[in-house]
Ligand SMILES: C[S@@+](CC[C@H](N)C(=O)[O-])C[C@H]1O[C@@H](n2cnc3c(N)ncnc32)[C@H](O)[C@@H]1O
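Just the one chain here, laid out as structure tokens, in the form predicted on its own.
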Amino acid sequence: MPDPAAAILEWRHGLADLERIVAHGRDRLLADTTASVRRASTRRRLEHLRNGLGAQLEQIQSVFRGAGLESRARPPAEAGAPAVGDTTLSYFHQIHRDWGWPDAEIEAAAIAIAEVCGKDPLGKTLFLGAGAARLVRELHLRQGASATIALDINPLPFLVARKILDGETVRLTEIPNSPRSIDDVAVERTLGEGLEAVANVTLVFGDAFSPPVARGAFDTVVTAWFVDQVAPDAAELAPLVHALLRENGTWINHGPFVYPAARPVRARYTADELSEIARDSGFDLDSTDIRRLTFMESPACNQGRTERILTFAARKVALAAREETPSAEPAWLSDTSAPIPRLEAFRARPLPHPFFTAVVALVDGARSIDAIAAEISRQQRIPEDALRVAIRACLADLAREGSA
């Protein structure tokens, strides 16, 4: 990451935020139980939830301590009520899905990918945005990866995955949003039970959009459940994947098209648009599959959904004109610590979103993308890593339109 120490400090702050949220939530549950609840079954449910919240927090603290990370309260100037959906618990249910629930969802994904990949081994493989990393494990073992590097910026899923990939188990409590029964209000599981250690899988905390790896070094790049939720614009992601692959290397994509509300409408691509983007970026689509798969259906929860999933294997082909022409990307886009010049393109047209306005207002000829991310993070308490990706995409969009 551009600033590892800052990232680690933010993880410690996030853990402290979680501790405050849990303490407040448990106090409210205790007050509710003692003040007004007379039905025995309801009291049992609230007590079970309160105990589960406490157990879950202790387990998460243990995972962080195992990595040498203790919580640290934010400075008074940054303190306040932590936002619901604290980043420490981002993708928490995916950890349970990957390592604790029945294997049906992961198995279905692995089968869909195997069908488009054929029998050729994956070789040296890179996962962008690997999440809780169960699919990393399965493809590494099943599809003949010689070595796998998986990137993500979220701490808890990788800290759990690293233990399980090393042959350990992790006790972790799931608290479903819509439990099926009183006993399902808080379910403690042993994650990774029965799974053997796996060699040659490296988990790296790193930015998938500025990956700390050599270009042209990989036989396979995998983007699973990534293009819609994580990538700001698939049209910018595809050339990056192309650059990471060796000649005739393979891009494997697997995921739905469920975009966040903040994504610009122009970048909410459909399956056929994504296929076209891949071709325009120097790929031949060898095999494509679309099927409806179950997604995030916990055995303890009433909720769950199905998603229409696009899976493809696309082979990198030469783009002679592109390879002969030096990249037109400004240096300050590839080096996020470099100053951003005062470009007229940033102010030459109405801006499509308040976030664009906030970013452009901070472009003063001296600030870099890193500096703007730090400033907005200070103001809004949004993680800098997430901001850096969004700011880069915003400025790249404005610069591209300004040069058109």
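It should be emphasised that the depicted structure is a prediction, and the values quoted were computed from it without experimental measurement. Counting begins at 1, following the sequence as shown.
Beyond the structure shown, there is the form predicted together with this ligand, which is absent from this document and is the topic of what follows.
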query = Just one of P264, G206, P176, P330 has a heavy atom within 4.5 angstroms of this ligand in the predicted bound form, so which one?
reply = G206
message = Just to confirm, with a 4.5 Å cut-off on non-hydrogen atoms, which of I252, A234, L151, V187 contacts this ligand in the predicted bound form?
response = L151
remark   = Which of 91 to 99, 264 to 272, 188 to 196, 244 to 252 lies within 4.5 Å of this ligand in the predicted bound form, heavy atoms considered? The stretch 91 to 99
key: Contact test in the predicted bound form: W225 vs this ligand, heavy atoms, 4.5 Å   = yes
ask   = Taking the shortest heavy atom distance, is L139 within 4.5 Å of this ligand in the predicted bound form?
value = no
message = in the predicted bound form, is there a heavy atom of this ligand that lies within 4.5 Å of any heavy atom of L135, even though the partner is absent here?
response = yes
ask   = Within a 4.5 Å heavy atom cut-off, is G282 in contact with this ligand in the predicted bound form?
value = no
